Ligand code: NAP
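Shown below, as structure tokens, is a lone chain in the form predicted on its own; questions about how it binds or moves come after it.
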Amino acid sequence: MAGRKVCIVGVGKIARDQHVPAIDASPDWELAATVSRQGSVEGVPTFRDFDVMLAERDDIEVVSLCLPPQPRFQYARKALKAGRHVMLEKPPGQTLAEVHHLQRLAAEAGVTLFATWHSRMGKGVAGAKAHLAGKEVTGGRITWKEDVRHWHPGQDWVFEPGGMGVFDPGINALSILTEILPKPVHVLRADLDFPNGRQTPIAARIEFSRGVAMELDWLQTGPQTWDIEIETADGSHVVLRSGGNELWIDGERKPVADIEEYPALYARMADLVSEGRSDVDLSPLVHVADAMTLGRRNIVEPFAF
């Protein structure tokens, strides 16, 4: 039996590296079309105009939006109004209000809206959440340092309003944090480093309640660092490394899940569509918005790709 037909909008690095392979490997899905100004996928019909795709391909049930957050709202709005289920790459939108509006549209149309957080599907995340359940968190540290030139080569949109800067990767850590903690935390203060002439930060230091601290840096070369450490009142020490894919508890490495992040996202989407439900958790985006609101702005040296 053929899977549900899906259209990818935005054929860039994340679509090629993650979405296309996940769809191709899944019995639940068939990549039936793409929409992109320049990119394409071999053997798959390509549209340059999203409105034309919606008009001509009423057989496509699901639209997976992989383009940057700045234009994403208008595409999602059109897809929902056309009665299509929608997957949103992270972050789900430029603002909270945008995504709240999309939630209302999805409910009115009776279709599924899935705000995906791929790092929540990290292989060790479920195990960390299970271990921390019912415990009192007394402290924690998030260290998320990577090379923007490697992951976003020449992509100036990340430094434009709505691009989120270093919070583009940092929101991955926040998606894990908000998933595994038994009780929520909130931002107390933040320091944000903006390159001279750029509109979004390239580094940040954030302090949360419950003794949780976060350090973000988008200029780290060599090995990349994606670590979360959590301490609890009973002396337990939980560490997630490699973006949530390695789990260590009290110094011992633990077994983790087998399924990769993006295949897990598409399996989740298949379940949501079948069950007629949506999944839109905005708590990671709330932390970003709060950090931007409370953050002290520091101007640092200019950045160029």
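These numbers come from a predicted model, not from an experiment. Residues carry their position along the shown sequence, with the first being 1.
Heads up, the form predicted together with this ligand isn't pictured, but that's what we're talking about next.
The candidate stretches are 65 to 73, 249 to 257, 234 to 242, 275 to 283, and the one lying within 4.5 Å of this ligand in the model of the complex by heavy atoms is 65 to 73. Every residue of the trio 89, 168 and 262 has some heavy atom no more than 4.5 Å from this ligand in the model of the complex.
Out of the listed residues 155, 95, 224, 103, 155 is the one that sits within 4.5 Å of this ligand in the model of the complex by at least one heavy atom.
Proximity of residue 26 to this ligand in the model of the complex: non-hydrogen atoms within 4.5 Å are absent; the residue sits far from the partner.
Proximity of residue 14 to this ligand in the model of the complex: non-hydrogen atoms within 4.5 Å are present. This ligand is not drawn, but in the model of the complex it has no heavy atom within 4.5 Å of residue 84. For the chain shown alone, residue 45 is not a contact residue for this ligand in the model of the complex, no non-hydrogen atom being within 4.5 angstroms.
Within 4.5 angstroms of this ligand in the model of the complex, the stretch 19 to 47 places a non-hydrogen atom from each of 36, 37, 38, 39, taken in sequence order.
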